[in-house]
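Okay, here we've got a single chain as structure tokens, the form predicted on its own, with questions on binding and movement later.
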């Protein structure tokens, strides 16, 4: 299907094949653990089966297919100038356990649909176009996410490669097992990419709630994880008076409520969330006053400065919660922190213009989830397109995005890629 820009315009824009796109989603969704849809964990036999499906689809469209040394599956459509910098799109085909049919997969299949549309509409490219299935974007059995994009960005070092997973297998061995070459991991790093655009489902409720079909990601939130431990005095639940207790669970509860209130105060800084998602109460008896409580906190912020100020505030909140319940704050440890990644403003503008030209409203919004685009931003200009998620649900079997919403986003991606190719070519001639 072709889309005409306007009745008086001669420009014909590429429109994706809706039927083929829907068929591809169904076919890939069928490759799953039968009793845990939709599960295709990285490095597993099902993951490799899914990649064989993608290889075949890539080859059918005339793409040259290869695996780089970091285990990324790459399909390449040559342009008129093979030596020109690459325009890249893609995402990931692995899932979380019991995850959905669209998270990551949308970026690959919509990318393939966009390539089909460009070819069918006769838009020859000047630059090479690459479609990438990045290895293991989701947290893997090795405790690491975004493995393939880390490798492409030169951020996969000896420490990560030495991580041990199931049965003691190292990540280095696992990458080589699935077709990469961990001994040559440095060769995966790229310096020839002109721009990267990742299409993804929103995984949140904003676009659907506002009735907007296209999201333009302003940035990808930084993530910090903390371990906080409170220690009190275990006691008999029936004989310890309420006003003479040092209940560690109450100190943790006070801290969690303070965390929520402090997070609400940060909303003016952009996307900002905090979640106390893991709790461990000791000794864990119904008739024992808890002597210790440990919680793991996940904090996500669009602004690094706001995150830093907030972390300082949390130390005060934690100590205050401990004091209020006659407990001790014995641990406030930062487990990990990744910095926020702004998306390239010029790429955002190209996406916005593509949406406008196709008659679609768009909305700028930050991503609270991590993405391969964050690592690609270390080596090139990077941006993202969001398609709506029904009720904002993701990482669950109920994850759903309407086929037409996916097709519209793929149309925007196709036009974006075409415009980027033209811009780069025109700039090169100038």
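Positions refer to the first chain, counted from 1. Keep in mind that this is a model prediction, so the values were computed, not measured.
As for the form predicted together with another copy of the chain, it is not shown, yet the points below apply to it.
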item: Full three-residue contact with another copy of the chain in the predicted bound form, heavy atom 4.5 Å, for 202, 225 and 271; value: yes
item: In the predicted bound form, segment of 247-255, 185-193, 347-355, 155-163 with a heavy atom within 4.5 Å of another copy of the chain; value: 247-255
item: Candidate from 305, 80, 316, 278 lying within 4.5 Å of another copy of the chain in the predicted bound form - any heavy atom; value: 278
item: Answer option from 238, 211, 124, 359, heavy atom within 4.5 Å of another copy of the chain in the predicted bound form; value: 238
item: Another copy of the chain contact in the predicted bound form: residue 116, any heavy atom under 4.5 Å; value: no
item: Another copy of the chain contact at residue 206 in the predicted bound form, heavy atom, 4.5 Å; value: yes
item: Exercise: residue 363 in contact with another copy of the chain in the predicted bound form, heavy atom 4.5 Å; value: no
item: Contact label in the predicted bound form: residue 403 to another copy of the chain, heavy atom within 4.5 Å; value: no
item: Those residues of 275-312 which, in the predicted bound form, come within 4.5 Å of another copy of the chain by heavy atom; value: 275, 276, 277, 278, 279, 281, 284, 285, 286, 287, 288, 289, 290, 296, 298, 300
